[in-house]
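First, one chain by itself in structure tokens, the form predicted on its own.
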């Protein structure tokens, strides 16, 4: 980012004064602690937040780059990865790593796919990744960094991946196809079983982007939520990304990437020894990796356990159902698709939904937008259960105001990041 030059203070400032300044800097930030935002932050309760903070602080100086120096971090990462492999029904011999976030997890899966193909003699320069229109931009970023190209395919009428259209888009240059569980824009799980069959038939790598759902769907399913298979139980699934700092409720940045086999995972690794300080091997993009993120993820997983995660999933799914039912009952309003987890997007057949969003922002509610179709995007946390009625009341008022004024917001541009 560009910034004006500012000299470092000649003398230091005491912590109480600095703390006041830090708090003051956040005065205009969204009020996520009162569940007023439905994007960027996943608030599972003050107790979970404190566990993550305390665990992070205990290991804030440790560095996972050095497992010989910090076997504690190596042990905790192995346990977190093992829990994820179990949760996602991976076969014996599967492997994985913790990463800094979903983008890194996706980039590493794409790298492993590319390098595995290269090891078989394939020409990977400019090779293709076929993805639904709804797939995360991290795949485009990965392709940009790794010398590949993405082919985005329009989604079906139900806003999920169109498997037939994706099959038609495959060429001899295709290395990978992608499905989301769920996709970010609409909160819908793509037909992963059908994509698994396609991957096997055509001999391509299937990556499942479960950054949102990997640490959520298994618990929602145990609560009776109907979600089709999306994980390693499907034989065509080669790799899965799943974020811990989303519905794993861990501190940022923490994600996981999983591979069907250790041999496959090894294509993710970077190794170099042609320099004076000796060999360097890293399983992820980063060299230094913050020990606090690993410790916080380990602590929260053990603090909540299966029962805790099931309860959080229940709160989220019930809140999403409450919002969807109420919005569908409002004249001129609709929900996009059939979301069953914690993400949803809603729009309108009568009003400018971006104008409605603007009215909600003025009332202190902050969330994202979707453009195809135009909608208000909600990524719900357990904390939203306590404010759902207040949100719906403000939404009704916002709709009434927009309807009365005829307000439009045609120039509003959706910007996730």
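Numbering follows the first chain given and starts at 1. Because the structure is predicted, anything quoted here is derived from the model rather than measured.
Omitted here: the form predicted together with a small molecule. The next part is about that form.
Asks: May I ask you to check whether residue 97 falls inside a 4.5 Å heavy atom distance of the small molecule in the predicted complex?
Replies: Looking in the predicted complex, residue contacts with the small molecule do not include residue 97, since no heavy atom lies within 4.5 Å.
Asks: Can residue 243 be called a contact residue for the small molecule in the predicted complex at 4.5 Å between heavy atoms?
Replies: Residue 243: yes, in contact with the small molecule in the predicted complex.
Asks: Taking 4.5 angstroms as the cut-off for heavy atoms, does residue 136 touch the small molecule in the predicted complex?
Replies: Taking the distances in the predicted complex, the answer for residue 136 is yes, it comes within 4.5 Å of the small molecule.
Asks: Going by a heavy atom distance of 4.5 Å, is residue 250 a contact of the small molecule in the predicted complex?
Replies: Although the small molecule is absent here, residue 250 would stay clear of it in the predicted complex, with no heavy atoms inside 4.5 Å.
Asks: Looking at 319, 264, 196, 103, which is the one with a non-hydrogen atom within 4.5 Å of the small molecule in the predicted complex?
Replies: Among 319, 264, 196, 103, a heavy atom within 4.5 Å of the small molecule in the predicted complex occurs only for 103.
Asks: Of 108, 161, 211, 297, which one comes within 4.5 Å of the small molecule in the predicted complex, counting heavy atoms only?
Replies: The residue from 108, 161, 211, 297 that makes the contact is 211.
Asks: From the candidate stretches 180-188, 214-222, 147-155, 304-312, select the single one in contact with the small molecule in the predicted complex, where contact means a heavy atom within 4.5 Å.
Replies: Of the stretches listed, the one contacting the partner is 180-188.
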